[in-house]
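To begin, one chain is listed below as structure tokens, in the form predicted on its own.
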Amino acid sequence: MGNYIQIRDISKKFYGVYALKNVSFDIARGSVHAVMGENGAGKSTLMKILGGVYQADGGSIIIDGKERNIRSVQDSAGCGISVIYQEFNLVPELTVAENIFISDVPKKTFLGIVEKKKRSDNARKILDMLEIHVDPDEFVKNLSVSEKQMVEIAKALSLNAEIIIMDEPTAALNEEEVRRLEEIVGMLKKEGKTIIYISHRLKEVFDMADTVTVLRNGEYVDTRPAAELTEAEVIRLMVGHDVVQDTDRPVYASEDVLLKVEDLTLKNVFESVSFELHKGEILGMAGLMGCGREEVLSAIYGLFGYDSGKVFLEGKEVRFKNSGEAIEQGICFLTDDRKDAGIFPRMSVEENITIMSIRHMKKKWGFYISPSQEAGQLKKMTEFMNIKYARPEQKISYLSGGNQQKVLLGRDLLLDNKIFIMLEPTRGIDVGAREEIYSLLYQLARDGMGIIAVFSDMNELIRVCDRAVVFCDGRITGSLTKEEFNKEKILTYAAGKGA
């Protein structure tokens, strides 16, 4: 297979800090080559250099024996490279079909008019191949996060590229969708395509990858055949030391009910949903894509209304008209759509982390925020969440996905909260940082906070949560205690067979 792609001494700086420093390794043709490392290790930066989004400060890229000067996305495409980015690059106001063929529009030969039916039909063929049950004429803004991720995959595959880069393609997918993606990767490999694969989910890396390259703090560590590695060895290479996993911990749930939901219903979305959240409890919500769990939580938080039912907060009935009212009552919400609904990409790290708590800060001369107080809030959360960035003024868009996630968590933790609703809290988070997030959840529960957590990864749900309710088609079909947790039961309920 040979050294099809040769990466030689690639370096890249942001704000004078190395994101990549003299990184070199080879990738064989027709292989699945995993690139692994902690958040901030430089993985996504390297992929963006290959994709033409960033330009390297030094080094060279050789593809099929020829040095390539990749200065733009067009240059990258010309080298036969297609990229599925961790953060979506879809246009919300366009349809699924328009997004899939945004750079390859089918036109009639004479007048150059776009053949909309042909475009939709071609998109449907790709969606059907991927077993994605989405209308090609649906607007992307109306899709769930996991549906957007699958459309992103379809868009990349439509280009028929020789080199396909997948940067955290399964972060928003459930187990069945991950299984289908593994089949697609196998199919592409048989066709001779070269896959560069980034994921923090070790199991899928070992299931798919031929070779693993590890980066740490922007520098090359090692490249080895996946068959010669264990999960523990990969983690050690990534973080530079052994990671102790806290697999046995106390349950802090009390008898005190923080949140009670009775017969919550929104026509054609969810129906007769009832559950309780106790003080100090980590309540998991399980289900397959489109099961309605995210919509229920969004309605409770005030992001949209519901037709009937009741919500009680510490015994008092509440109905939030908007998220601001929920925040004032001590409920915070971590979105699963970090890029479009979480961070403010044009603002700094400091502004992103203090934007919600700024109203509670003391004002200088009545209306100026004290810079020292704002800096103190940032310092507090930086140390507590172990957030890595070059300087407070750095734009948050330059941070790794995992560090962006920590900023979002820190933003909410600066508020005086009773309940934390979390959609995919570890999405795009590396192994070491994931353990930090788990420890944070346990600490919040110990301090009496009630946590509702949505995990697509059942292993995480089983490990982290004290109790779980399972959704199917907008209804709760089962409830499990920690002692009852197992994948078979959860999947049975998620398929609607436990109702």
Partner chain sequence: MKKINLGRHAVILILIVLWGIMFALNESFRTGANLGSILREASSTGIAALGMTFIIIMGDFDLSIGSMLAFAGMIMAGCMENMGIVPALIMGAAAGLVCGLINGIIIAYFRVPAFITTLGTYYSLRALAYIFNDANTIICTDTAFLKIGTGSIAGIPIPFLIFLVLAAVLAVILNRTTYGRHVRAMGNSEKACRISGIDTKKVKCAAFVLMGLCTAVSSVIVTARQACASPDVAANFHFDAITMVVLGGTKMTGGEGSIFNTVIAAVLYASVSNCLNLYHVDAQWQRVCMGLILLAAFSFDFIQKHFAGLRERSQKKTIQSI
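Positions refer to the first chain, counted from 1. Bear in mind the structure is a predicted one, so any value in this text is a computation, not a measurement.
As for the form predicted in complex with its partner chain, it is not shown, yet the points below apply to it.
- This chain lacks the partner; the member of M347, V257, M129, V318 within 4.5 angstroms of its partner chain in the predicted complex by a non-hydrogen atom is M347.
- Interface residue among L94, V269, M187, A341, judged by heavy atoms within 4.5 Å of its partner chain in the predicted complex: A341.
- Against its partner chain in the predicted complex, the set T335, E374 and R391 is in full contact: each member has a heavy atom within 4.5 Å.
- Of the candidate stretches 135-143, 68-76, 348-356, 194-202, only 348-356 has residues with heavy atoms within 4.5 Å of its partner chain in the predicted complex.
- Its partner chain is not shown here, and in the predicted complex it never comes within 4.5 Å of any heavy atom of L173.
- Contact between G324 and its partner chain in the predicted complex is found at the 4.5 Å heavy atom cutoff.
- Proximity of Y220 to its partner chain in the predicted complex falls outside the 4.5 Å heavy atom cutoff.
- In the predicted complex, no heavy atom of F101 sits within 4.5 Å of its partner chain.
- In the predicted complex, Y301, L303, S323 are the residues of 287-323 with at least one heavy atom within 4.5 Å of its partner chain, listed from first to last.
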